[in-house]
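A single chain comes next, written as structure tokens; it is the form predicted on its own.
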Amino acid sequence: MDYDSTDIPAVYDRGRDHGPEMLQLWMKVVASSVGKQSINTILDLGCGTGRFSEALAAHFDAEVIGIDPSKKMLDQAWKKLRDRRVQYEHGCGEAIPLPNDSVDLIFMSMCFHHFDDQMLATRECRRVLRDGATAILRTGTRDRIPSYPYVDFFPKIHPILKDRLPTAAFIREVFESAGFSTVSSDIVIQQIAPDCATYIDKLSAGADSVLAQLSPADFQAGIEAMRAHAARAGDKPVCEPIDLFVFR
């Protein structure tokens, strides 16, 4: 998706900010994935509005370079930047604007399905990573579609997700073809809202690039169906599964 042709960047943080507990969860996951490796420079590829950039800098006391093809997303990232260890640059995964062997860790969140050429992007990751360094991919996959909390309320979203999201097997195949070895492939369950009502408010912000492909009528019908469900479900936390891949 070309985010610069949409209004999503302006509302992205409202819809996708799941609080400090979620950031802490993912920093622990990333730290566990890299183990005792020395981390001085991190590439936050597909950084968007920088949701993870400053947390990565603080957790690892490292320089973080956030790269994204959307100028509107980067504008939002720059507006809220407070950590001098973080910088943002315009660029894409297929042509990463960094030298060979220049980073110790690549972190990618929900960007793999946006790459125009996924094989080229993984080769670029291999090029800029130092030997023995780690690439971490946080992503949605086709395998997990039935478990995503909103899919049952938006019937027309199923074929869109199947078309957009890769399978876990395909992700492993692409990275391994680019010269990586698969260290692990897991599922991380994260809480994205304390209750259904809060979750609906997040979705209503319009920050989801897949839901944005629905017609306004189909989107509103799904929101209303969720509200009816929320009235019956009570104040249960809303959680979702995220696929985590670690490559080296």
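Everything numeric here is computed off the predicted structure, so don't read it as measured data. The first residue of the sequence shown is number 1, and the count goes up from there.
Below, we turn to the form predicted in complex with a small molecule, even though it does not appear here.
Check: Is the small molecule in the predicted bound form near all of R16, C47 and F115, within 4.5 Å of a heavy atom of each?
Finding: Answer is yes for this spot.
Next item on the list: Answer with yes or no whether F52 is in contact with the small molecule in the predicted bound form, where contact means some heavy atom within 4.5 Å.
Entry: The answer is yes: F52 has a heavy atom within 4.5 Å of the small molecule.
Item checked: Residue contact check: S109 to the small molecule in the predicted bound form, 4.5 Å heavy atom -> S109: contacts the small molecule in the predicted bound form.
Note to self: Would you classify I171 as touching the small molecule in the predicted bound form, given a 4.5 Å non-hydrogen atom cut-off?
What the structure shows: Answer no; every heavy atom of I171 is more than 4.5 Å from the small molecule in the predicted bound form.
Next item on the list: Please check if C92 has a heavy atom lying within 4.5 Å of any heavy atom of the small molecule in the predicted bound form.
Entry: It does: once the small molecule is placed as it appears in the predicted bound form, C92 has a heavy atom within 4.5 Å of it.
Item checked: Listed residue (I136, L165, M73, L129) with a non-hydrogen atom within 4.5 angstroms of the small molecule in the predicted bound form -> Contact check passes for M73.
Next item on the list: Choose one stretch from 139-147, 152-160, 115-123, 171-179: the one whose residues place a heavy atom within 4.5 angstroms of the small molecule in the predicted bound form.
Entry: Among the candidates, contact is made by 115-123.
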